[in-house]
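Here you get one chain, nothing else, as structure tokens; it is the form predicted alone.
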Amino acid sequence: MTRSSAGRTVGAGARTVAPAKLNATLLVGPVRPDDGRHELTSVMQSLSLADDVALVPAPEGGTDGVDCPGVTGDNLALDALRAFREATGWSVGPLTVRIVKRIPVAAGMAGGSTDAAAVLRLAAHLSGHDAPDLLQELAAGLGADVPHGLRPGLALAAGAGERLVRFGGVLPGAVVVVRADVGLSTPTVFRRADELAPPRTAEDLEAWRLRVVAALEAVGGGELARYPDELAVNDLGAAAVDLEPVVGEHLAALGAAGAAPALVCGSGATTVGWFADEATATVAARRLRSEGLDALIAVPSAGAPIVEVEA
């Protein structure tokens, strides 16, 4: 049992889920002069597809670290723990971030970012340093997709993804996620997108934002039976297909299975198809699996409760 600097007993630790993020709309605007990142307008929706993340005392004699079977190298979740400690002075003994990965890696679904956000939520819960403004600042410093994971659900993102307006409800329907056996680097995809076509103007982004806000307000009011096809646009999709043609093959397979629409997830290489309901998505996923594709079903979701780990 470990006691934190705030006087709270960490005990055996705590765990939560870190939901995958789907970009139902992803529009790329001009490059910001201060940091070289693109302005975005993006609808972010959490999914039932999620990693399990726990923050527990490290083995005796250990140090802060990550236990994530099947994933090696730098881990944004550990960066999140270190940033939280530095910002708050939380001096509890060494901790291990335990992650069970279900979200595809390097797939455009914010797997690493949502894990990092989960660590910030868990650290805030265990330490008592639960200041929303601080968590938002730390999340934004870790990456553009991390702030959304602090409060999973439905949101409209602006800036480079760090400025969020959250909406009630979830997008209607269900999705089939098709995983690719290739990975795409987000910076590489953005560079290729800039080479293929100029980014949207600030005025165009603002016009799209107004249309998207109207649709999301309808979702919160229970007035939207499905997300409008005309808003389901991903400006990075063409670049992802150009860099990895298998992405285009997966989009075509989803369309043939009845998806309306089929989109690249974020910067790829995972693709996703929208369906009216989970039953329809199940039929489509079976068809895609029979064709040799790695397809799974997910539904839009909100919330990620924290529970204490049993000793």
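None of these values were measured; they are calculated from a predicted model. The numbering used is simple: start at 1 and walk along the sequence shown.
There is also a form predicted in complex with a small molecule; it is not shown, and the following applies to it.
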Could you tell me which one of V105, V213, A160, A140 places a heavy atom within 4.5 Å of the small molecule in the predicted bound form? V105
If the cut-off is 4.5 angstroms on heavy atoms, which of these, A155, V219, A174, L76, is the one near the small molecule in the predicted bound form? L76
Can any non-hydrogen atom of K101 be found within 4.5 angstroms of the small molecule in the predicted bound form? yes
Is there a heavy atom of S113 lying 4.5 Å or less from a heavy atom of the small molecule in the predicted bound form? yes
Is T186 part of the interface with the small molecule in the predicted bound form - any heavy atom within 4.5 Å? yes
Just checking whether T201 would be counted as a contact of the small molecule in the predicted bound form - the rule being heavy atoms within 4.5 angstroms. no
Among 279-287, 242-250, 255-263, 64-72, which stretch has residues whose heavy atoms lie within 4.5 Å of the small molecule in the predicted bound form? 64-72
